[in-house]
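A lone chain, given as structure tokens: the form predicted alone.
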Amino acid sequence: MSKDQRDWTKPAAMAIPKGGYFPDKVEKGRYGPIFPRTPACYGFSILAKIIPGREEAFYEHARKIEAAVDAQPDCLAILKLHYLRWLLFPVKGETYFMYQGIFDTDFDKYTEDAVTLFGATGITTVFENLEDFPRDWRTNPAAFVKFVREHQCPSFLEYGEYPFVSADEIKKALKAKASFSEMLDQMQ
């Protein structure tokens, strides 16, 4: 079965080698190797130390994203996201940030699209509050990608209840379901 014809009707799990790549199947992208597509689609988990005293900036940024999505629900559409999860947590008296994202594009495209999105919307990246984040990230996508790659913590197992299905496919299925339900309601 080809990569694009995988069976979405049954759950799938994929064990990923240490380092995040299959040695015999490393695909090169514009900025280095591409992490493989898994049953959960593409994604990454970034772990980085925040600049001391900047904790509130993360909560403020979360409120800005919430407001932007409330005002324009498709404002993050370019990212082809399934899910995002942000966490702040202490490690030996210092605060770290974890950014977990699952999306439909490869690693390089996602980070390039994020830089484009931030420039187009005026929403900056919360990463500006992380130690060693490049100051020239707006004009230097390669530096942004380099930072993300250096702080990526590859997973070693990924699972999908509906494996390899894109966010757009899920939305289409839900629209079809809603249309079918509406049609049945009108028939009664």
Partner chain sequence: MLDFDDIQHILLTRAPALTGRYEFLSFRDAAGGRAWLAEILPKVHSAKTMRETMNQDKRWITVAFTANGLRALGVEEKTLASFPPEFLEGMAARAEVLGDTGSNDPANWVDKTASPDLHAICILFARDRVERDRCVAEHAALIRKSQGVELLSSLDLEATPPFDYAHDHFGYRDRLSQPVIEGSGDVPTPGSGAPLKPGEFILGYPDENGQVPTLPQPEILSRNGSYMAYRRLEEHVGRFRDFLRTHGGDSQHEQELLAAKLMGRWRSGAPLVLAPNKDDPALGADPQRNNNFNYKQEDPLGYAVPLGSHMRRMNPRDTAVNMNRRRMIRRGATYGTYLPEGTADDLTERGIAAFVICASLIRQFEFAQNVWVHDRNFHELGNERDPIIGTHDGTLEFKIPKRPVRRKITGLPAFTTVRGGAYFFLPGLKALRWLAGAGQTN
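By rigid core we mean the largest C-alpha set that fits within 1.5 Å across both forms. Numbering follows the first chain given and starts at 1. Remember, it's a predicted structure, so these values are computed and weren't measured experimentally.
Heads up, the form predicted together with the partner chain isn't pictured, but that's what we're talking about next.
Checking 63-71, 154-162, 133-141, 49-57 against the partner chain in the predicted complex, the stretch whose residues place heavy atoms within 4.5 Å of it is 133-141. Using a 4.5 angstroms limit between non-hydrogen atoms, E27 touches the partner chain in the predicted complex. Residue contact check for F147: none of its heavy atoms lie within 4.5 Å of the partner chain in the predicted complex. Proximity of Y110 to the partner chain in the predicted complex: non-hydrogen atoms within 4.5 Å are present. Residue contact with the partner chain in the predicted complex: I78 places a heavy atom within 4.5 Å of it. After superposition on the rigid core, the Cα atom of F103 is displaced by less than 2 Å between the shown form and the other one. Panel note: the distance between the CA atoms of T111 and I50 is larger in the predicted complex than in this form, the difference being 3 Å or more.
Between Y110 and F156, the Cα distance is greater in the predicted complex than in this structure, by no less than 3 angstroms.
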